[in-house]
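Quick heads-up: it's one chain on its own, the form predicted on its own, in structure tokens.
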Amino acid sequence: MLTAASDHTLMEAVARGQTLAFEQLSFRHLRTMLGVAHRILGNAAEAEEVVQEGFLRLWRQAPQWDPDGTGSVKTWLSRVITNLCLDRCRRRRDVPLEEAGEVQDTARDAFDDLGLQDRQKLVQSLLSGLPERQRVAVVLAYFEEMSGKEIAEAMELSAGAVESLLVRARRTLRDRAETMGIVWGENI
């Protein structure tokens, strides 16, 4: 019965303390939120921590959920996860250079020669070079396939600001890929 319930109905049940409803919401959105967090942070362990915190906030905020005044649960969770990731990224900046570790060179002669894991590392490397807000917009648009309106809600921006972020991000990604010998549009 819970599997057919809408997210709003499940949130009402979570507000009443029904753990099965929370489990169903978690099942529906966990993989997506882990993907968002991992692509923004570039670290699976940190992504899991952030998503756990996001779902804890969902549990705590359920009694205040207003299905008429709030967007979708997915959009709300995306906004929470994105903000938690950005907070974590900002804290990372204070790491002394000696503790930062080695940077791996992911450049290859041809994108087609790369295995799946190498491609994923390359994409993560390209994404990690973007400013935070551009990276979040790209992840939500191209990996989570959210609409411009959903991204605007999740990032608390206007639709025009989201489009501007995406235009600048695509330009930066194309330039970085070309410096690595990857022709944008042919190999990617």
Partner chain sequence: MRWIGRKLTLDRVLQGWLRQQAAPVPDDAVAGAHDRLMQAVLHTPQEPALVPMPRPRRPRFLFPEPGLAPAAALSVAMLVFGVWLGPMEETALSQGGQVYAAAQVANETTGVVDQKVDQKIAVLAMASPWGDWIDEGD
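Computed from a prediction, not measured in an experiment: that's the story for all the values here. Positions refer to the first chain, counted from 1.
Not pictured, yet referred to below: the form predicted in complex with the partner chain.
Colleague: Which listed residue (S128, S147, N43, Q61) meets the criterion of a heavy atom within 4.5 Å of the partner chain in the model of the complex?
Modeller: By the 4.5 Å heavy-atom cutoff, the listed residue in contact is Q61.
Colleague: Is there any non-hydrogen atom of R133 lying within 4.5 Å of the partner chain in the model of the complex?
Modeller: No.
Colleague: Going by a heavy atom distance of 4.5 Å, is T19 a contact of the partner chain in the model of the complex?
Modeller: Yes, T19 is a contact residue.
Colleague: Can you work out whether P67 and the partner chain are in contact in the model of the complex, taking contact to mean some heavy atom pair no more than 4.5 Å apart?
Modeller: Looking in the model of the complex, residue contacts with the partner chain do not include P67, since no heavy atom lies within 4.5 Å.
Colleague: In the model of the complex, is there a heavy atom of the partner chain that lies within 4.5 Å of any heavy atom of S158, even though the partner is absent here?
Modeller: Output for S158 is no: heavy atoms all beyond 4.5 Å of the partner chain.
Colleague: Where, within 37-56, is there a heavy atom within 4.5 Å of the partner chain in the model of the complex? Residue list please.
Modeller: Stretch hits, in order: R39, E48, Q52, F55, L56.
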